[in-house]
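What follows is a single chain, given as structure tokens, in the form predicted alone.
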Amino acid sequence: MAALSPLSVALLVAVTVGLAAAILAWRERPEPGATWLAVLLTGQVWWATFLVFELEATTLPAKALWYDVQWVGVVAIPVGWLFFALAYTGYDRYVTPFSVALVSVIPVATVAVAAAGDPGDLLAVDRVVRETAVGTFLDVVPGPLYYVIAGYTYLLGAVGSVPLIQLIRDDARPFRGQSAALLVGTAAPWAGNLAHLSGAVPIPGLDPTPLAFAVSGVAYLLALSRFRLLTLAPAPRRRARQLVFEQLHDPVFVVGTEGLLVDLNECAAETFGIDRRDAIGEPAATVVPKYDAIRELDGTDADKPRPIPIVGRDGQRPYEATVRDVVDDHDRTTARVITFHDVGAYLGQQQRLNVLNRVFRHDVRTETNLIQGYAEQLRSDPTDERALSIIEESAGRMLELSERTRTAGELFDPTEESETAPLTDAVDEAVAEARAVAPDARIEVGQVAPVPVPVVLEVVLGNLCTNAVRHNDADAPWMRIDAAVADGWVEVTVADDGPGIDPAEYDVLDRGTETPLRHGSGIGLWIVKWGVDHLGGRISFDEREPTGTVVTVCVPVDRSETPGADSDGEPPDPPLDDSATTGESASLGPPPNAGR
């Protein structure tokens, strides 16, 4: 058996290194890009292996045969490189059966032409055996298809290099190392092939490209072992960042420098009832809620976020908006990210703590002092009926205060699941509570639509109805409750002929905070306000002629448990109210005129 030429030995070294790298890549399946890297390396091994057969062949037909066989490896390399780069860097959405088939058309056609014996001399116009000092080579005069596949190979190689070049500047050192090793592994065969095509290689017929595969194999082995290629791929980062953006519980909008909406996350679309496909590309002012007010945050007040009331699918809630610039590598602002933080729960909790603190500091202490004082009086005169009566009244007020405090705690317990009930049941329950407090009261109930509402509204209406008759000094207190439904909102009014509510109570509720000198007389109205805020609604107070108060509560219709709702979760048509809409949109409109 004749000894192999030194060039064949060098090629077998490249084959060995490439084969080892291909096996390592194949073993890493299904890591991103592992399969396509194995395809690329297998193509290199195939090309180098059959080049050895070509070099060792002694006749022109034999050399031409092994030359044509090499095309399988030649065309597999750029395809493997392109799809490896896309999958490895997280652009795997472009790696589909259709894209693979489309990209493989020219390579498959090239192999088919070679297998058919190169009809029409598409791959090689002429083939000649050249005797040189370093061996016998097949010198090929390229045909038109040769240049097509060569240009196509360089095109795929350049496209696949783009995402890898981006990793060179990545913050993570392992990814920079991986990217550099991969690019070196690709550049080496390119340099060899360019030298061959340009005629820079002085030996006729010698294509040094397969010899450069030894450099590629070493570079890929270095990337696989030293830089943990495939076991530490950057592909999940792209997906993870997109997932975080989409799964973020806060609504987020991305607005370009021209004021057009670039992107929004799922929470933003759901909260504000926005169709993402229609919204992207539209002016931000027409899509982003309170965009004009938020733009002001972009100035001197950017570091002082303030609550902004916004109407979403769940009603009206206070949000704090933050604006952050998206800056490119040249410190140029390319977009702004607007994030809405729902601060309703936080503000409500802060209010409850302040009010309950006042209740324990003021109301409980006052009642306790009364009980202690009149208890001392009873000690000196056990027959003092007035003292006994005051003690009983104080104890009763403390018991009621305790019950309301417990109600407030249970009402906003985040561990409790929200329940739904028909509005008619909530009104009936509230009226029953009022009748229990004042059996002689004249209570009227107007038209009430049977739409579903959260049970929290039942607590709100119960407090309003009992307050309407309890604090009414008329001989026969009068109260009326009505409910209307419009545009996805329930508007309930409770009217009475009592002495009216002290304006100081309104002021405290409006400000949302109490002070030692300016505070409410109890927690009943606070429970009403907290309940309405919890539901994303609004409450208003108006005086009634000739005497009394009209309280209007406006909350969204509960859509989560709507019996008989259609596929879009729309509530059924309210049959008892002419003002109710029958085709509500996906998002709530502004609440009816319920604010003051």
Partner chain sequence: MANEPTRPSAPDGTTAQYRSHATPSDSGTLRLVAAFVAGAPFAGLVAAVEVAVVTAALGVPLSAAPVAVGLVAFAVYAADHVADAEGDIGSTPVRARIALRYADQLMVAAAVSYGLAVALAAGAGPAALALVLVPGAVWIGYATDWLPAAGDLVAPLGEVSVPRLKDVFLLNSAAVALAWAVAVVAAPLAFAGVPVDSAGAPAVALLFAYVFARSFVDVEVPNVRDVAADAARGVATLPVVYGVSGTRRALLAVDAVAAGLLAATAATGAASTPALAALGVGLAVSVTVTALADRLGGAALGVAPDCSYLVAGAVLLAIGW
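Note that the structure is a prediction, hence the values are computed from the model and not measured. Positions refer to the first chain, counted from 1.
Heads up, the form predicted in complex with its partner chain isn't pictured, but that's what we're talking about next.
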(message) Please determine whether residue 27 contacts its partner chain in the predicted bound form, using a 4.5 Å cut-off between heavy atoms.
(response) yes
(message) So, residue 550 and its partner chain: in the predicted bound form, are they within 4.5 Å at any heavy atom pair?
(response) no
(message) Taking its partner chain as it sits in the predicted bound form, is residue 52 in contact with it (heavy atom to heavy atom, 4.5 Å or less)?
(response) yes
(request) Answer yes if any heavy atom of residue 541 is within 4.5 Å of a heavy atom of its partner chain in the predicted bound form; otherwise answer no. (result) no
(request) Mind telling me which stretch in 524-532, 52-60, 542-550, 30-38 gets its heavy atoms within 4.5 Å of its partner chain in the predicted bound form? (result) 52-60
(message) Given a 4.5 Å distance limit between heavy atoms, list every residue of 64-90 close to its partner chain in the predicted bound form, or none if there are none.
(response) 66
